[in-house]
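Next comes just one chain, in structure tokens: the form predicted on its own.
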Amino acid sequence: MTFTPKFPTFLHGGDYNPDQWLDRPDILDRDVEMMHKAHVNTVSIGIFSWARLEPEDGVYDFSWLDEVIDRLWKGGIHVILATPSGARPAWMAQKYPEVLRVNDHYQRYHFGGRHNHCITSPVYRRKVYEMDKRLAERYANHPAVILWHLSNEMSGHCYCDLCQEAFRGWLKDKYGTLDKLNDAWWTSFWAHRYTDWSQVEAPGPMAETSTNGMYIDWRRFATHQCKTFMMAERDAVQSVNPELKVTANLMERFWDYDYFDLAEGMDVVSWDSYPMWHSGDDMARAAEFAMNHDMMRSFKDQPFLLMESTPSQVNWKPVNKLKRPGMHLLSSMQALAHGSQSVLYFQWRKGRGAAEQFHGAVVDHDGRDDTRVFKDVTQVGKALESLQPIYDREKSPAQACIIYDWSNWWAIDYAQTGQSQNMKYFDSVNMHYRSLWELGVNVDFRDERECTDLSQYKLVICPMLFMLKESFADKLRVFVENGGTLLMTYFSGVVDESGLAWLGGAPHNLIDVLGVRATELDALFPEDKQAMLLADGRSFPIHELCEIPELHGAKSLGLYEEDFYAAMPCLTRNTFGKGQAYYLAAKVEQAGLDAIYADIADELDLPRAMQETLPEGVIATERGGAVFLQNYSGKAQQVAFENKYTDMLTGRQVEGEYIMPANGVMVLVR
């Protein structure tokens, strides 16, 4: 899929901040020269340039940006042009204090930082629209400009009077009447019933702290406000040239907003990927970020853009470790393997001061183009050029799907039960994903929205689907009836979409499908011992959470080994209609999940990227007929190839026994 018809190729480059160097034209000229040397073809500009573009209210200066874009275009470099709404200038905060956010203690922030703005503020929305429209009128048809970059890493929320009133309006639209709101939030508890809309206030430490349904709705409202803000920016820039697509860069493990919902408002999903490599377990880190990549691809069922990564290290983690030799190419190719159409960086050149003075960059403070990092970046640029034949090829359709739902995530985190406030939803889902990723099985992600279609999948996995909508329970029922295989885990089907407990047993409306009823949930201390014993004698440790299920027709495949529920079922399977449903009642450690999914993958004949048996730590991922073979083991590994391949990165033929170096990567075609 081509997001950039003017320039249909893998994008390589990243954030460029020429406005920090306007007093050094020699550096700006040298930048274009070095971009060519590094095989950079695209840069993102203007992301934090508002103070240069509008130095005072209503006074615009685009002359410097004209020069920069023309210089880049003359040098053959394409441009992703940003709207600068991620950070507003000081004069705006001074003149229009309503644009500054109010925190959950009702204190208005002063000027500083970034994303310190109220996205509800009519003044801020007006100023953003005016800026965006002028940028579009000036550059939307420039031949260098290939994509819009809306704002930057949108995040946070505001508790000002404008946002409070908007929240009440959103609730009126959702519920219609206070009686329905009171019922959904169970406000009779502690006499919290509302009798007038003006009494409703956003939850937080200075207000309501115990109404889970309100907290969940506040998160949904925050997503709505961000989405409408982003779409207003989209409409402003596309009013001039509707053919120029827009993206907004998302983030890893992001909790504040529902990304499935937010993605609907953009043409192209992009995200910022910053793994902490070499921190003890690169396999675990690779599995986590592979999942992030597949989620980004799944949001719109199309390829995505890697908008930010670091060519070396960051400066904002507790330990800012350098990438070891080979890791930059390996991690960049991982993004492509899962559907990225780019490898872009923060940042091209290190700034001399301020917050990200020491954040990794292609060009360091010394300005050299012969450093190890510069050579690593050049290697990636050349690799992208060699992979151009697969640019238009997407991953093969997945036959396995994992349900990952933001409202469910919020509901789990607000629930006071089990490992309270430490239920690790993302990590738990990632464990299930990792088992299939290691097998080379392609995986999609879906949530509980009405448009979700499960019919294309053989396997649907629902880890910790605590919040289960009635309509989605019906979809799961039909999926199994029609021949699908469902795997559901502990802590599923417990509450409805308002966070109210379902009556009549869990998992709601699926007890007959799964052949089990969940009863009690036990939380384990770190020193507690528990395990799952399979019928073949294999035993796998369990930690954190155990649920005690009652059998209602299901066959037990694994039993608990310890405590008063020893010999009770831990893993079950039930036949329902033409399909089958597994229930995993405990948080089994990774090896146990690997065993379960290896059996299911074989039974369902799920397609794998390679049929060869690979050493531990070597992962195969398929994209469009090419296999990205990646070594995350931290050491050289011997791979035995049963077929003859060509490595697209080197042009070499590969067959028989092959020693793959640590952090090695190949892109193989038959």
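Keep in mind that what you see is a predicted model, and the values were worked out from it rather than measured. Sequential numbering from 1, following the sequence displayed.
Although not depicted, the form predicted together with a small molecule is the subject of the following passage.
The small molecule is not shown here, but in the predicted complex it comes within 4.5 Å of a heavy atom of Asn152. Contact between Arg114 and the small molecule in the predicted complex is found at the 4.5 Å heavy atom cutoff.
Residue contact with the small molecule in the predicted complex: Tyr274 places a heavy atom within 4.5 Å of it. In the predicted complex, no heavy atom of Tyr106 sits within 4.5 Å of the small molecule.
Residues Glu308, Val314 and Glu356 are all found to lie within 4.5 Å of the small molecule in the predicted complex, as judged by heavy atom distances. Out of the listed residues Phe346, Trp185, Tyr259, Tyr560, Phe346 is the one that sits within 4.5 Å of the small molecule in the predicted complex by at least one heavy atom. The contact with the small molecule in the predicted complex, taken as any heavy atom within 4.5 Å, belongs to Asn249 out of Asn442, Asn430, Asn249, Thr489.
Comparing 83 to 91, 296 to 304, 152 to 160, 570 to 578 against the small molecule in the predicted complex, the single stretch with non-hydrogen atoms within 4.5 angstroms of it is 152 to 160.
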